[in-house]
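There is one chain below, alone, in structure tokens, taken in the form predicted on its own.
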């Protein structure tokens, strides 16, 4: 298992796409921190990039990598190796490689320019989103054997979590604005890891006042220790549930 993980990591780190991704994050991070007046404004600009670029690159790259490694996977399946260990090795290799790219490209500038609690939370959020969307990519690639359909599903998932879901939530909150929606808004925010990450980071940056009454509700719930543990638990569920489904699908898949 360790040999497979090492091979996957080394193979991905030599990939030009990952290198370009790292350089892109580094250039953007340095630019936003140097162009903005304060580190807080730079963090806010970087947050928007992290919430859009990280999930997109993680899910698309991971999906393509799994499909391109089909022959390698079939070769390993012919060896006395458990399927569960094989798929977990691929997942860990993808996750570690993309996390290294994120930490070098965005993590180091964040620590250098804003090593505050908000900066650490932003780094943790970026790492969590990377792992989540790698797990979703692995699940999507196990659902269909067709590469075009798999990539299309990956794009659809990113599009849903990044844009469509927010529109649905705004529509629900607008249509039922006459009713108490405090608890419902917290539940709706938990059903999207991107929204949950955005809420947690904004609260640590003390910008919840700009979010109005909803921001006060989020601050009351997520501001304490219980709310932070709840956010971590939901993020972990977003990681382990898709991963468990992917492993289960992989074990039953006829290669």
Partner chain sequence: MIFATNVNKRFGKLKALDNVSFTCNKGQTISLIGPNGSGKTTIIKCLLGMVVPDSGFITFNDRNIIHDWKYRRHIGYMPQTGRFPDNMTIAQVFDMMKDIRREDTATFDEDLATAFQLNRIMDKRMRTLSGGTRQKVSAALAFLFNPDVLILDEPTAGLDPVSSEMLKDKIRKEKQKGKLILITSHILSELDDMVSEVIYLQEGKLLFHKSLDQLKKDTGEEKLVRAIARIMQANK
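Positions refer to the first chain, counted from 1. Keep in mind it's a predicted model, so treat the numbers as computed, not measured.
The following text describes the form predicted in complex with its partner chain, which does not appear among the structures shown.
- Per the 4.5 Å heavy atom criterion, its partner chain in the model of the complex is contacted by stretch 72-80, the sole one of 102-110, 128-136, 87-95, 72-80.
- With a 4.5 Å cutoff on heavy atoms, residue 22 does not count as touching its partner chain in the model of the complex; it lies far away.
- Contacts between 5-30 and its partner chain, taken as any heavy atom within 4.5 Å in the model of the complex, involve 6, 7, 11, 14, 15.
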